[in-house]
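The chain that follows stands alone, in the form predicted on its own, written as structure tokens.
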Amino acid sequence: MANHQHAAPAPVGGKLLNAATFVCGVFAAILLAILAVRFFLGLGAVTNLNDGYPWGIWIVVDVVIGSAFACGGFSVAMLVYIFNRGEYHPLVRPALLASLFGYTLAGAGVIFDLGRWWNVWNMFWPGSANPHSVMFEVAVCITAYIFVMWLEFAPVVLEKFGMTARKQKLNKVMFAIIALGTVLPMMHQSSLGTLLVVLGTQIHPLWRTPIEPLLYLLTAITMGYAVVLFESCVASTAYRRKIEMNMLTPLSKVMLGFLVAYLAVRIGDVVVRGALPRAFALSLEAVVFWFEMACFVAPLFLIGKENDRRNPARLFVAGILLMLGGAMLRINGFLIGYETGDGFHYFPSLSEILVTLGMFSLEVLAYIVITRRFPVLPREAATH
């Protein structure tokens, strides 16, 4: 068995106030201002939602897509702890951190979008809970997973403040926490696809399939690895660190394996259901379908060869394309391919877009602060 030696994690250090954190702080302040209006005056004051489109980008982008982007922690943890690939262990903490804030903000995003948000506690109250509801399963699993991820990340906090004894106690039960952290995202990511199955004929045939849960799970795992590639390249550039190609190159091969499995299932499903002719119709749905497919297929040509996977730029672009492809799959199913009937139209308001940008900015801001002050990234010589 190979013995994998890795540098211990350490804070990056440096100033917290810079151009990036300032811009993120401004968008975060705008987010809080809009949400103050939303909570006092209602959804109609800041969104373009209507009876035909009861959910918009706050649910589709911030929650459905946001939680898929946040699958990096789950995907890497599954590789390290379930498949015993210890060489990827240095990627666990940064991937978990990105997932932690992604899911936490996705959970908050659900509350932003609830009409009667003050009744959110009902879903956890036994007398009000509906265990037969897909949305109930998603809500409970995401909530539980947020708590699990905070427990998974707790050793970083305990390490920072020198609480070694408490960290050792937590590590004794960490195997059970990690097991939960692997099962829960599998459950709710697939169930997000089940939401489209429940909507039935309201979904365009190109995205109306009983195997939607499988498609959502496969793309969530693939997107998780893509986000790790993206985050590693950006963090290395921003902090002037060496890119961890010794881990990213083989990781991208694993990612391609899930991608090939997804494409085989996706293309086979469209053909078997007889929905392929709809992809050649003169319609918006056909155009966005091919754009979605192009985003998934292009990485096979970009990093399909071993030498190409050693190129950081190619890995970075491939990661972005897969993130975009997974995002389009969800936007197409929940918004563009959602056929609600005549008389209803939806395009996000400026306030909705700013809230989404604010959510993303908060995540970036938190990532910068934590990595600069807590032991998340592998220790490296001087960084500036």
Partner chain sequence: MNTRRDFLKGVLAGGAVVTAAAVAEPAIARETKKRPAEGLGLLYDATLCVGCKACVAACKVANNNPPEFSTEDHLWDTPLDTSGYTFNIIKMYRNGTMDAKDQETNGYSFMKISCMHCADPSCVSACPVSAMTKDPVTGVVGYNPDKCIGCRYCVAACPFGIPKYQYDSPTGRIGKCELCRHRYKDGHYSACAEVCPTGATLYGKTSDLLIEAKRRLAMKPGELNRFPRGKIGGPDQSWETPAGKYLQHVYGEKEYGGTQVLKLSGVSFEKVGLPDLPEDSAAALSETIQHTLYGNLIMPFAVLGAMTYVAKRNVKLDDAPTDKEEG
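Note that this is a predicted model, so its numbers are computed, not measured. Numbering follows the first chain given and starts at 1.
Although not depicted, the form predicted in complex with the partner chain is the subject of the following passage.
For the candidate spot formed by Trp117, Ser190 and Leu195, every residue has a non-hydrogen atom within 4.5 angstroms of the partner chain in the model of the complex. Across the options 319-327, 22-30, 47-55, 353-361, residues that bring heavy atoms within 4.5 Å of the partner chain in the model of the complex belong to 47-55. Interface membership of Ser133, defined by any non-hydrogen atom within 4.5 Å of the partner chain in the model of the complex, is confirmed. Contact between Phe301 and the partner chain in the model of the complex is not found at the 4.5 Å heavy atom cutoff.
In the model of the complex, none of the heavy atoms of Glu285 sits within 4.5 Å of a heavy atom of the partner chain. Proximity of Gln202 to the partner chain in the model of the complex falls within the 4.5 Å heavy atom cutoff. For the residues Ala261, Ile243, Leu180, Leu276, the 4.5 Å heavy atom test against the partner chain in the model of the complex is passed only by Leu180. Note on contacts: among Val265, Met123, Ala154, Ala294, the single residue with a heavy atom within 4.5 Å of the partner chain in the model of the complex is Met123.
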